[in-house]
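The same protein chain appears twice below, in two forms, each given on its own as structure tokens and labelled structure 1 and structure 2.
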Structure 1
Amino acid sequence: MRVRTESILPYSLLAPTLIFITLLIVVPIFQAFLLAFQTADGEFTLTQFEKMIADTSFADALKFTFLLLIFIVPAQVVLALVMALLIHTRFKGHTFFLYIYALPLAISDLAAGIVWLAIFTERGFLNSGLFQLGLLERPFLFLSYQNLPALFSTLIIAESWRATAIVMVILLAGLQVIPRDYFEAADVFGANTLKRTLFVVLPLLRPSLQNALIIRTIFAFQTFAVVLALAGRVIPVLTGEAYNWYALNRNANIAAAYSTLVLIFTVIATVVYFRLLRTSTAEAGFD
């Protein structure tokens, strides 16, 4: 009886999580696939994807989604790595700085977008501050549709501030499990900070980097609320178009086609990361 209980216990502990994932993730994904590939009569078709590609906003949404991905993900990983390494040195007051860095985790996407809207708008905090300092004679239009580079830059800044914290937490957790012996050995052999980071930290941090890149790339493909708050429809993104087709155009099928495309891109990116940052069991466990 005891042996049977011990064999069932792991599955019973996993059951709530599996039920949660099935009901809130697997089932909706399956339903989205049906909406994307089926007609109202239940026949399978690619008409929804043809209409999606023919949509006037599709090309721009695809372009800006990948541009945000290209600019945001590498910058966030580098910034998060610097922040994690800084906190890992355990300088005086590092706990306070950790709380400050992690603050964006407590703020929703839309709230973060509204905060940065208050900063970058024509009479926002940034323009007001620069005017008070005498650096500007008139407000600079950061969010103007006539200045797409400035508008796109505000999106990168806002999204980087919002989501860098989660990457930092993942990398900091990875740094915590690296034995101190490696750092001490590097010091004994005279490695400076740069060499220690390149030849000791980064190879041992590869499993955490892999997880951080996958999670951040998934979030980058799903970027929507910050873009909506700062740019509206001026800079379309794939998830934004899915929302517009579902909420505004009342067409769940094309919205599902957009969602399916985002899912496909996410799966492809995940496979690429697994291949490029492949880690063995020994490397992951530092054996």
Structure 2
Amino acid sequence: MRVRTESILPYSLLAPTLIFITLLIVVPIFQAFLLAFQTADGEFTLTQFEKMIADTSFADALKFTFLLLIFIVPAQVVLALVMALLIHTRFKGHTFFLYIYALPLAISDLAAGIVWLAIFTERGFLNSGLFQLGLLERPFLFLSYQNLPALFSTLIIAESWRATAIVMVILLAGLQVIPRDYFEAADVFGANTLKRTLFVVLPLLRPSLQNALIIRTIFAFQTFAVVLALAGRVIPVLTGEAYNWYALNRNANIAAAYSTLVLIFTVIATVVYFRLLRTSTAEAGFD
């Protein structure tokens, strides 16, 4: 019967994906909750969370995860905004620069960590350069536990270098949706570049900005390999602790407790951003 196949078609096309995602995403999440909140006998418990909180690294992991978030996300957004606005002026050769700026999209956080390791390590390129310029007499230990601010800064630099590309591409895609009339109208009214950026472009770009913020915030909670590559276990982060508890300590329950915490933060951040997004899209007149 043709009538029936027509109405069922979209569902049957989507079914494989829905089943797959249910089995490999939805079910595991519930299992993770069970791991985190259940005893071996299947009773509800908070012991795993108590153990997690009592863990010596927990407070630091929490602190550093949020510190990273607070520094990385704004740094990426500002840098990406400069890149996107620059490209959007469509100067001669702008596509060439766009492709260069977008290259780090391809780079994993592990690889990014290693790249900056080569630069910040004791006999790395940064120390070599500063020495050859006569600014340093002997290598500065950027990656030492004795110099936490410096070590922490290297993380911010490495992550900004890597993930700015994603934010830039999102913002540029957003910029392209804004009708060019807006830019020209601003010109006619004599707005200079800075004023135009602040009062015309940014408000119109708010939906894209907030999308970029959501994506980057979610992934900032998952920062892990870049930290491991540059700081080892000196700077613990939440996802890194989940990894350690599972891969090194073979304790799936506490690993699950850590991941659940990351999930909770992710959900909170998303809800908060969605709230902000909803009010602002109405203001900006975008759908």
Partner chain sequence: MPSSRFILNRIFLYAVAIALAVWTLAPLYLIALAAFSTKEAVFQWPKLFLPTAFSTETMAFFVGSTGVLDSVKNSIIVALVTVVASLILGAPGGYALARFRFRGKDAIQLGFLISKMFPTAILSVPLAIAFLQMDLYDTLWGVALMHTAMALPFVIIVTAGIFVGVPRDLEEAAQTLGCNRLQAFWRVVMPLTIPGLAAAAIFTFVLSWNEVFAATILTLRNRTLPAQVLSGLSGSPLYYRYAGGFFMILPAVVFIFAIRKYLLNMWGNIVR
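Basically, rigid core = biggest C-alpha set you can superpose within 1.5 Å across the two forms. This is a predicted model, so every value here is computed, not measured. Counting starts at 1 with the first residue of structure 1 and goes up one by one along its sequence.
The form predicted in complex with its partner chain is structure 2, not structure 1. Relative to the superposed core, Leu13 undergoes a C-alpha shift of no less than 2 Å between the two structures. Once the cores line up, the CA of Ile264 ends up less than 2 angstroms apart between the two structures.
In this core superposition, Leu23 moves its Cα by 3.8 Å between the two structures.
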